[in-house]
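One chain comes next, on its own, written as structure tokens: the form predicted on its own.
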């Protein structure tokens, strides 16, 4: 039985894995979402997605995709099969409304410290490890565009204590300042590196504070969603489990 942790503003701590997420729609409702889903005491899924469009229709489709995501994990928790099944079940609904959704799904094994990534047209995660930051290589086609999911498969990374993973939507990197310059991935990388010593929630808070400073009060144009994961010193330290 899966446990779903509430959205919009939430945090999760499981055996040394810290997760902190925040989502702010541009209007009353939006099409962005994130999830922290724990299926047992060692496996945690983190998902982030962005349904094309804005307003009520995008929000309704988003809720359907989120529900289907949980169902797909229940049926077969293998990350690649989750995305394939989600594309099968959710793709028809998305195409009915001429829409699609990007999705990045991460599966973290707390004991093995193994992070598995499957991407469907979403911005790839940022991985900060050993003082260096890189962009994950996983790529794929957004859900709903094709009847069968097409992507580069699964990428695997082994995390160490202090490593940070950051997920985000368009509303973060495409936010504009007064001169119409975009916030961009490079500035996001810099802020993550500067704040890597803090816990996941503080890193997320500081990124959003820097984003607010950059936009200087310009009205939000797109949904903003940000997720930060961090591995602490205690992660995976469970004896012979």
Partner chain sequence: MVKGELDFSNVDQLQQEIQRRSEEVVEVDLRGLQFIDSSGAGMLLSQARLLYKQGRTLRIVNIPGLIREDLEVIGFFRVLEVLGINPGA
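Because the structure is predicted, anything quoted here is derived from the model rather than measured. Numbering follows the first chain given and starts at 1.
From this point on, the text means the form predicted together with the partner chain, which you will not see here.
In the predicted complex, the partner chain sits within 4.5 Å of a heavy atom belonging to residue 147.
With a 4.5 Å cutoff on heavy atoms, residue 182 counts as touching the partner chain in the predicted complex. Interface residue remark: residue 174 is counted as part of the site for the partner chain in the predicted complex, having a heavy atom within 4.5 Å. Contact check for residue 141: a non-hydrogen atom falls within 4.5 Å of the partner chain in the predicted complex.
The partner is not drawn, yet in the predicted complex one stretch among 47-55, 210-218, 64-72, 188-196 has residues with heavy atoms inside 4.5 Å of the partner chain: 47-55. Screening 134, 92, 98, 114 for any heavy atom within 4.5 Å of the partner chain in the predicted complex leaves a single hit, 98. Contacts between 102-123 and the partner chain, taken as any heavy atom within 4.5 Å in the predicted complex, involve 102, 121, 122, 123.
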